[in-house]
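Next up is one chain by itself, shown in structure tokens, the form predicted alone.
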Amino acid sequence: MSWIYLTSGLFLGWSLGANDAANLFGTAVGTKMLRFRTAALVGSVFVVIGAVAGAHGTSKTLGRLGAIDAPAGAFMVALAAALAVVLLLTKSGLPVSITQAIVGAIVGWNLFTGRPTDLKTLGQLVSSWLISPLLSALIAAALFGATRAFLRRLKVHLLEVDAWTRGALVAAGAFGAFSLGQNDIANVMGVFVRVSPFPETTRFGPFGATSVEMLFLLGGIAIAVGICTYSHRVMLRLGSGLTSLSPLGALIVVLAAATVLFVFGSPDLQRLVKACHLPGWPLLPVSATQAVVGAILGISVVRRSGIRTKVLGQIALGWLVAPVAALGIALVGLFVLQNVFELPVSAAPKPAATAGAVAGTPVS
């Protein structure tokens, strides 16, 4: 039965691949610099590698937000996030934030079970929804301005620039896919960490994998399937719908967004920063959608080019709807599982509400 519960996580992984791959390759495909097949192949391979590498990163943050301890509860939280993205938003062809959807669904589980929501963690996650696009915009603006000035001084022929840009887009896309897998895999399988059906260690000859690594490997494969099967439409919408981008701009967008994802999702970078006795920052699953939109806006400011405000408004509306829709779907779904199918959505008795936390009343 535990394996059946994982299907919602696989569905969420598929929807993340269908949606967030557009954040990495949409600008490249939309500007005709890369074929969709090339983007899908590169993205699929490196997102799986990144997913396994992210086994000890951002999932801990989601665990602090809501410690889901029953398979049925984890199933409905992941399903609610996936339905909010696929049924309400991705069908419109707009890139949306799966990070926000899973946060909304986890808060819904907390409210239904009467568990406290860690306000500090929630505050960090919500603040990242503002910080990540701003940081991405600053990185993109700086990179675009510096690269454009450098190329002007070199006086490189336009055809050479085009060839270099195509190669760089593949490399940047690989880095972006790795960063996406490392950062966002927690959104796909993080809620199943406490209820994983895998043994503590799985052996493959001389190699071994932990339960979390196996979960994240499975989730990475689901993301890859989503990239290959349904991301083309969203890529075209993001790549050409928000503003007109040059090939160089497309490259900078991918680099800036990938850098933001890597910074907030890499435990190795955190260890390096601490080894240098520098102040660190929390590992957070940030929105690739927001990072890409921020990068596009940053380039637009440098270029002084126009933004299609209607499309931007639609994307921003999706960011607002995603967590609210996921929270509502989670509440309804948890009620149905517990009261109609008589499946426990929480294993332990609810604790008393404490200072600095908010608790809701079960809907049962």
Partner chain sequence: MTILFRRTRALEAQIDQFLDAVSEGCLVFEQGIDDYLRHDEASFEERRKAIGIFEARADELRREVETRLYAESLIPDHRGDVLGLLENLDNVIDQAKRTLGQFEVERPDVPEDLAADYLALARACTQSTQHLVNACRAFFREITAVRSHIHKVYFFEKEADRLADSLKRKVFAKDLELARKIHLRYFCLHVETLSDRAEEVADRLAIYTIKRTI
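Note that the structure is predicted; figures quoted are calculated from it, not measured. Numbering follows the first chain given and starts at 1.
There is also a form predicted in complex with its partner chain; it is not shown, and the following applies to it.
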Sort through 225, 269, 156, 119 and report the residue having a heavy atom within 4.5 Å of its partner chain in the predicted bound form. 156
Of 212, 139, 72, 248, the only residue with a heavy atom within 4.5 Å of its partner chain in the predicted bound form is 248
Only one of 320-328, 31-39, 63-71, 334-342 has heavy atoms within 4.5 Å of its partner chain in the predicted bound form; I'd like to know which. 31-39
Taking heavy atoms and a 4.5 Å cut-off, does residue 281 contact its partner chain in the predicted bound form? no
In the predicted bound form, does residue 277 have a heavy atom within 4.5 Å of its partner chain? no
Given that the partner is absent here, does residue 192 sit within 4.5 Å of its partner chain in the predicted bound form, heavy atoms only? no
Would residue 233 count as touching its partner chain in the predicted bound form under a 4.5 Å heavy atom rule? no
Interface residues of 118-146 toward its partner chain, as seen in the predicted bound form [heavy atoms, 4.5 Å]: 144
